[in-house]
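In the form predicted alone, a lone chain appears below as structure tokens.
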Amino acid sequence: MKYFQPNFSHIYVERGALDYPLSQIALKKFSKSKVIEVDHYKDIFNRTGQDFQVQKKSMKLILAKKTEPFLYPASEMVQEFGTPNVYYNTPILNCLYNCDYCFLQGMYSSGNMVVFVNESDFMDAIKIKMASLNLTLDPMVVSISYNTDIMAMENIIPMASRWIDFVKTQKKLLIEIRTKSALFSLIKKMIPHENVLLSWTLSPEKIAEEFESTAPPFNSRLKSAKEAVEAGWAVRLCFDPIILFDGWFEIYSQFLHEVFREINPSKVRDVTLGVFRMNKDFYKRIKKREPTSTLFYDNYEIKDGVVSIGKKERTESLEKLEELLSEYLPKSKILIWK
């Protein structure tokens, strides 16, 4: 790593994106970085011959203006919130972290990060979509961290706080901010709002160390989630993906005990459960690069375009964990990808 330049040593900026407030925040934050103007972010992000894993060791920042579409229907691989009105958007492409099981390494050829600075266009798209939906019974739900971890970027570009301010003006909108960060302190002074769901992905220490080494450790994430719960925020705990290995049940049993020893389960909005799964094309792309992670050398099945462990093993393991979780939470609060 000593031969690599620090993250964001170079910042590429689309000429049409330079004057946006988020661009100016980033450029001020990295005032010593080399700034390079470009015509279009794809000239850098989509060019051929890139090495995702090498670039993750020295990420570059790309500031750009996104064009339509600004909103997408939710993937079938995420929990559906019990409502038909579930969407996601992509204010940032790629993630500050680099977890072994992350689909982004198969989705993108570049390990660099793109921040779309025209945030008002994303927000306007949500308003337009809301106007076309019947929201009498169910709210519109938007995940704003689907292809990234916005909270992890909050000390670089304060997107999470700006989105929270936006959602406070929208009565029938719920936004989910999913994260592995330990940066709750950066929004701690904000007043909690019922239309904001903060979702922490938590994994046993063994899993965090082996497969999530670039993200904050388990204890740091747990502390942030606990602070959010105690501050009155709606908090979801995501035990996803569950990684199966010899002795997994004992490890996860102890893990859940630790989590709910620190966090009062009655104050948690809900939890999610799911095993390792990935779009088959992304999986094949990663596998072709001969990854070092053991996750890509297991026996999986492919069904409906999704790579995952076999249905029997998947069902049995998730049922065991559901029973464990039911000691802490009613089953109505346990959302499972099966």
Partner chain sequence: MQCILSALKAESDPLINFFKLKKDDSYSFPFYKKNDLCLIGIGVGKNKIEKRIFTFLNDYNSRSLQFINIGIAGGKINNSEKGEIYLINKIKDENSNENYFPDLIVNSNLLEHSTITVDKAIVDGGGDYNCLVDMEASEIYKVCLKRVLVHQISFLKIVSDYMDEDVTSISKKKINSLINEKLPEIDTFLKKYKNLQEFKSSILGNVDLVWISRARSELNLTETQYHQLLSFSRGYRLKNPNKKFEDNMILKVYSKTERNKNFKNICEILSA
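Positions refer to the first chain, counted from 1. Treat the numbers as computed from the prediction; the structure is a model and nothing was measured.
Note that the form predicted in complex with the partner chain isn't included here; everything after this is about it.
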* To do: Answer for residue 60 alone: is it within 4.5 Å of the partner chain in the model of the complex, judged on heavy atom distances?
  => yes
* Any non-hydrogen atom of residue 27 within 4.5 angstroms of the partner chain in the model of the complex -> no
* To do: Evaluate residue 320 for contact with the partner chain in the model of the complex, applying a 4.5 angstroms cut-off between non-hydrogen atoms, and reply yes or no.
  => no
* Taking 4.5 angstroms as the cut-off for heavy atoms, does residue 31 touch the partner chain in the model of the complex? -> no
* in the model of the complex, which of the stretches 47 to 55, 273 to 281, 308 to 316, 61 to 69 has residues with heavy atoms within 4.5 Å of the partner chain? -> 47 to 55
* In sequence order, which positions of 126 to 141 have a non-hydrogen atom within 4.5 Å of the partner chain in the model of the complex? -> none
